[in-house]
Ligand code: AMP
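A single chain comes next, written as structure tokens; it is the form predicted alone.
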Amino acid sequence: MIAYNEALELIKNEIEKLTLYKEEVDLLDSVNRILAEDVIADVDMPPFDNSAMDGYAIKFSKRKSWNIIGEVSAGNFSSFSIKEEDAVLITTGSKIPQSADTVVPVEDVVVEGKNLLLKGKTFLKKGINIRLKGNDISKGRIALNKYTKIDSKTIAVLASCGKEKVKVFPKLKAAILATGDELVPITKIPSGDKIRTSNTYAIYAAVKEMNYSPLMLGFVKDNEEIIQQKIKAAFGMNINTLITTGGVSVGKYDFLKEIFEKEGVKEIFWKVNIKPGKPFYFGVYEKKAKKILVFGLPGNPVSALVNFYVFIKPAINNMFHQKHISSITAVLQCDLKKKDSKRHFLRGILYEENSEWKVTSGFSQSSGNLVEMSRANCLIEIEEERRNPLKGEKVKCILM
């Protein structure tokens, strides 16, 4: 059994060895995809000096009044020779006439026919309210870096760079399989000692939330031969990862660890010093040019999801250089019980109050309680050496 930090680093090391190809997609299909190359600005942005607001373009002086000699609107530039006594009506985004160097806002002036008068004690400064050519970025410089996740903000930059097609990394493909005699389809009402299969749906959704491609393999009974056939078939698919739930502990019907070995999976580790989710398996299947990361998650629904959030998700984010906030330090609003040397991940409710992050946990920490898992919005992480954190102490919270 190994420590949490060591296990996470081993996963990161292996996942970074996956070969990342590039694919080209239409700009509108690139949302939530990750750039596979730096994007270079092919024009200055903005491409010309332009007005930051509606107003009047002038040549700066100490004057308080001007003659209005014309107007310029966005996309309809007219050339003017502006003298100190002249002003040109200009709209936001419009190109600045060559001899103008300042824009007076409309709210700071009074118009009387063709005369423009500066209001009261309005202060003017040369160059105000003009966005200079290349102020955002100049031609030839990097507009967006490789590994940028494309969203509504960055897609505007891509459009401004003329990127009708965008090179992105392909979505990782994850096959998901559950095992267990107790499982029945969600369309059936369970009876006796049966339960509906939920793990595959939870992990499928978790993969989908990361904008990767999940492949549902369903569930199989605890039959070693049938499970091995399923695993063999999965390794023949075009996938990057195989995620299983159940069958990786030490019970009589926990066949997966042996099956992985028979199918040529190299075990990286098995069992991690955490709670919940200790019987966690990680290995690598390699054959010719194919490499598949194999994650064997526990069968308990909460344990399976915790394993995904604390191992698989951060490792994938690290691979694609995604550095968005995934954890927050918060002040405990209740005492917590922890008496062992495992690293605990407890369900909690994280909230902000008076500009301070706070977290509480009134949940049962049973690894089978899906309902309370659904009500939590974070995992409270308690390190191995820490015991019984008290109200008022600070803890790390992993966002879910």
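Given the structure is predicted, the values throughout are model-derived calculations rather than measurements. Numbers for residues come from their place in the sequence shown, where the first is 1.
The same protein has a further form, the form predicted together with adenosine monophosphate (AMP), not shown here; the description that follows concerns it.
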Using a 4.5 Å heavy atom cut-off, state whether Leu116 contacts adenosine monophosphate (AMP) in the predicted complex.
-> no
message: So, Asn240 and adenosine monophosphate (AMP): in the predicted complex, are they within 4.5 Å at any heavy atom pair?
response: no
Just checking whether Pro301 would be counted as a contact of adenosine monophosphate (AMP) in the predicted complex - the rule being heavy atoms within 4.5 angstroms.
yes
Check your understanding: Within a 4.5 Å heavy atom cut-off, is Asn307 in contact with adenosine monophosphate (AMP) in the predicted complex?
Key -> no
Answer among 173-181, 258-266, 147-155, 75-83 for heavy atoms within 4.5 Å of adenosine monophosphate (AMP) in the predicted complex: the stretch 173-181
Checking Val110, Met216, Ala159, Ile195 against adenosine monophosphate (AMP) in the predicted complex, the residue with a non-hydrogen atom inside 4.5 angstroms turns out to be Ile195
Among Asp101, Asp136, Asp254, Glu71, just one has a heavy atom within 4.5 Å of adenosine monophosphate (AMP) in the predicted complex, namely Asp254
When adenosine monophosphate (AMP) is considered in the predicted complex, the residues of 233-250 having a heavy atom within 4.5 Å of it are Thr245, Gly246, Gly247
